[in-house]
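A lone chain, given as structure tokens: the form predicted on its own.
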Amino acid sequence: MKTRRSDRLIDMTRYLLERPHTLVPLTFFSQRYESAKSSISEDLAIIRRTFAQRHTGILETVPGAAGGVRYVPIIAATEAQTFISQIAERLSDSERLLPGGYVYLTDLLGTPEVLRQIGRLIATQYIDSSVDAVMTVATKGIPIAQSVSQYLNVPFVIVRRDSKITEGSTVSVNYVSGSSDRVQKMELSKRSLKPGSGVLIVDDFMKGGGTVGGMKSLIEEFDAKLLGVSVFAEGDFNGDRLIDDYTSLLRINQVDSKTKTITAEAGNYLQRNAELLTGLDK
């Protein structure tokens, strides 16, 4: 059935937003709305302009018979800075301090809007990378991995510290906890990764880097490639961190149980991606 332009624009926008990093042929839209390709091209030009003005994302055009359009989600530099600043302020609330010097993060990582922004931030950093899978460790890293994988439109895999019958055969590695120096075990289903896969590691919190180091070892066991490490927050650590190449959205510099104070600030994400974010703002 032939569709009015206003209806086409709404439906095309929804279709593209739900399928990031997916090449959609113009013939698909032409047949879907029973419209000429020239009309579809004009509609896409409107969507492209709006996406750019609102920093919703980039609408790439791939020429040729096998070409089409591809939506790539991004976040603007100013929006990234504002979000990180706001979350740093919320993390600095002394009410988040738990016994043992731990910081309560569960409410933030259970809030859809916060997770959406985390996913956009991390996915933007890897818009030019061939990520095949997002990896995290159970349990608090799962919502972050799910959000990032949605914006990159790739699967996410969950590393566990104990065996699950539903996972089938697994590959396991021993790793040393960076903060406690204890030897621990983690494992991943053999069906999770294919050899040569490009893997992005994400996690909620990193201190000594032992958990991330363990996931890095698992990736090597699968003959896959580590493309990067991104964490929601990093903590202050006295000593040599086992992972030095990573990005963090936030940094918790001070946790004082006696004075009941927490000091949080922006991590290294904005600094490491300054050139990328500035370029996307233009």
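The structure presented is a predicted model; accordingly, all values stated were derived computationally and were not measured. Residue numbers run from 1 along the displayed sequence.
Keep in mind that the form predicted together with another copy of the chain is not shown, yet the notes after this line are about it.
Query raised in the report: Picking from 83 to 91, 121 to 129, 190 to 198, 207 to 215, which part of the chain touches another copy of the chain in the model of the complex when contact means heavy atoms within 4.5 Å?
Result: So the stretch in question is 190 to 198.
Requested in this report: May I ask whether Arg49, Arg96 and Phe156 all come within 4.5 angstroms of another copy of the chain in the model of the complex, judged by heavy atoms?
Outcome: Heavy-atom distance to another copy of the chain in the model of the complex: all three under 4.5 Å.
Query raised in the report: If you check in the model of the complex, is Ala274 within 4.5 Å of another copy of the chain, heavy atoms only?
Result: The answer is no: Ala274 has no heavy atom within 4.5 Å of another copy of the chain.
Query - Distance check, Thr106 to another copy of the chain in the model of the complex, heavy atom within 4.5 Å - result: Thr106: yes, in contact with another copy of the chain in the model of the complex.
Requested in this report: Would you check, heavy atoms only and a 4.5 Å threshold, whether Arg116 touches another copy of the chain in the model of the complex?
Outcome: Arg116 belongs to the contact set for another copy of the chain.
Query raised in the report: Taking heavy atoms and a 4.5 Å cut-off, does Ala266 contact another copy of the chain in the model of the complex?
Result: Output for Ala266 is no: heavy atoms all beyond 4.5 Å of another copy of the chain.
Query raised in the report: Going by heavy atoms, what in 134 to 148 lies within 4.5 angstroms of another copy of the chain in the model of the complex?
Result: Residues within 4.5 Å: Ala138, Thr139, Lys140, Ile142, Pro143, Gln146, Ser147.
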